[in-house]
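Coming up is one lone chain in structure tokens, specifically the form predicted on its own.
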Amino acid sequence: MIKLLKIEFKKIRTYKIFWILAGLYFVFLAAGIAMAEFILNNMVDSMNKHLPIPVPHVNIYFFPDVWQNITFFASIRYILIFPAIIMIILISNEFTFKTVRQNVINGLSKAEFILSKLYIILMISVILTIFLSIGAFIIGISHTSELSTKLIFEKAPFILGFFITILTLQIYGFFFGFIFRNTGLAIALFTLYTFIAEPVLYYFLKSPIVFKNDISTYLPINAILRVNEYPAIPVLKKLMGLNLQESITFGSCMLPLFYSAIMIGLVFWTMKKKDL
């Protein structure tokens, strides 16, 4: 594993687009988390103009809810798209510039080549999860007046949900990069599916013109986003009737992992059958 990670790090060390996209991701992530409460309270102010009884401002940065709220806003698809696109570029460029052939000629097996990418995905997911955990902990400490160990860690498992979310979406990008092998095409199809095709299919399956079903729950991107489905904001329950998520569930975590296992299996099968 260490050997394969060293090989991958040598590739990305001087790869400017990787660091630019990684920097943009951290900027959007930090800005989204910092601005979330401000944006929500602006929405509350707008609603209060049309409500007979004003709704109080929300506070999303206190323990134990900070874990759920921070991971929810970090899991919005417009932010998550950056690590996935990074993976698409890293993988598809291997085929564009024929470096995958050079790796195999130099003694790396096809399986090791795939594993090296999966190790990078795992490493990035761990780093991002640690970064978010530290950020959520510091924010929670600074916004919570009375602290206890139980209060601090009560909803900490939502961090595991974020790890599964960021891991599986990168694997989806990994899959698109390997299958299509062209950077522009892979990014275009991935973003088209993520932002247009699946949302349209999701609402179509939930519409009255379709027989009653819950198929939309099992769509791949939706399965990822449902791991951390709602923030812990009671006003959402009062105004919109939402059943707020109390904890991450085993089923919501296993479904995106199941899809990811299928995609990894297809990549191994494809690499075995196709020429490099």
Partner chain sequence: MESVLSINRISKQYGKIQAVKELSLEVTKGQIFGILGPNGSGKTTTLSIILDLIKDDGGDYQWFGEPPTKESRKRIGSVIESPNFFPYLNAEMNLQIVADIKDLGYEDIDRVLRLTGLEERKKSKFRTYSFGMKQRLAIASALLGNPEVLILDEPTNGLDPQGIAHIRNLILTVASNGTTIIMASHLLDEVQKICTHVAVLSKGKKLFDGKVSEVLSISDSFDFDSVEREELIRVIRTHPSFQSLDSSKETIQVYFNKEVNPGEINAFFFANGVTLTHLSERKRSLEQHFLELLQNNQ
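Residue numbers count along the first chain shown, from 1. Only a predicted model underlies this, so the values are computations on that prediction, with no experimental measurement involved.
There is another form of this protein, the form predicted in complex with the partner chain, and it is not shown here; the text below is about that form.
- The candidate stretches are 249-257, 262-270, 8-16, 21-29, and the one lying within 4.5 Å of the partner chain in the predicted complex by heavy atoms is 8-16.
- N103 belongs to the set of residues with a heavy atom inside 4.5 Å of the partner chain in the predicted complex.
- Proximity of K98 to the partner chain in the predicted complex falls within the 4.5 Å heavy atom cutoff.
- Within 4.5 Å of any heavy atom of the partner chain in the predicted complex lies no heavy atom of L189.
- In the predicted complex, the partner chain lies within 4.5 Å of some heavy atom of E112.
- Here is the short version: of I179, I152, I76, L108, the single residue with a heavy atom within 4.5 Å of the partner chain in the predicted complex is L108.
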